[in-house]
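Heads up, the chain below is alone and in the form predicted alone; it's given as structure tokens.
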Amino acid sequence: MIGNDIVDLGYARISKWQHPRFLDKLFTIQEQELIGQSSNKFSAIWQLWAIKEAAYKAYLQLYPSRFFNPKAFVCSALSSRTEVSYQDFSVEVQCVKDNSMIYAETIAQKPVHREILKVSPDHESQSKQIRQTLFSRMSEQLNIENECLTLRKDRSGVPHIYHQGSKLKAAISLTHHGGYAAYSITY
């Protein structure tokens, strides 16, 4: 299983992140305290959000059932490696950030291939660009034809890669926001 999320910080600035109810909808009291103690509250908010999203995507791969309850995915800390728990599920998430973006990814037991891309802010272009890049890299790594790869999402929105109609044994997570996109894949 793998989960990832990316936040374009420039794009996030135009969201309603300063609305009084925003924090209450997404974060527990303890997480709100972590945000309040941070020297950069804006960055802390989006780092916790990315961590929760990465954990949620990993959870869906094990337990397919789409739902929205970010407060239920509880972050133990605000650091570069954070444990996230939801009911009996627990996963460790690593996070990297710079001045323009935050990228979070669950720590997998198998080697992870990942790539972060600068993309057009157009949603449809992002999706197409990340798929093309992913298929190109997979083609190189697995020595298969790029044109024979397809991506389909299941009912829960979890993506799966197919080669000539047969589902590959790979866990994959895709993400895009603003001018960034990324994929993470384990074989």
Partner chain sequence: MNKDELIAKLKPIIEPYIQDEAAFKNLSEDTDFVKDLKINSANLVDIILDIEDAFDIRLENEDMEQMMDVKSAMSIVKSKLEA
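If you're wondering where the values come from, they're calculated on a predicted model, not measured in any experiment. Numbering follows the first chain given and starts at 1.
What comes next is about the form predicted together with the partner chain, which is not displayed.
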Practice task
Mark R152 yes when one of its heavy atoms lies within 4.5 Å of a heavy atom of the partner chain in the model of the complex, and no otherwise.
Solution key: no
Practice task
Using the partner position in the model of the complex, report whether K169 sits within 4.5 Å of the partner chain, counting heavy atoms only.
Solution key: no
Problem - in the model of the complex, H123 touching the partner chain (heavy atom, 4.5 Å) - result: yes
Practice task
Give a yes/no on whether K97 approaches the partner chain to within 4.5 Å in the model of the complex, heavy atoms considered.
Solution key: no
Handout entry: Interface residue in the model of the complex among L34, M138, L26, I161, criterion: non-hydrogen atom within 4.5 angstroms of the partner chain
Key = L26
Exercise for the section: Check, residue by residue, if E105, K110 and T133 all come within 4.5 Å of the partner chain in the model of the complex, counting heavy atoms only. Expected result: no
Practice task
Between 32-52 and the partner chain in the model of the complex, list the residues on our side with a heavy atom within 4.5 Å.
Solution key: W46, W49
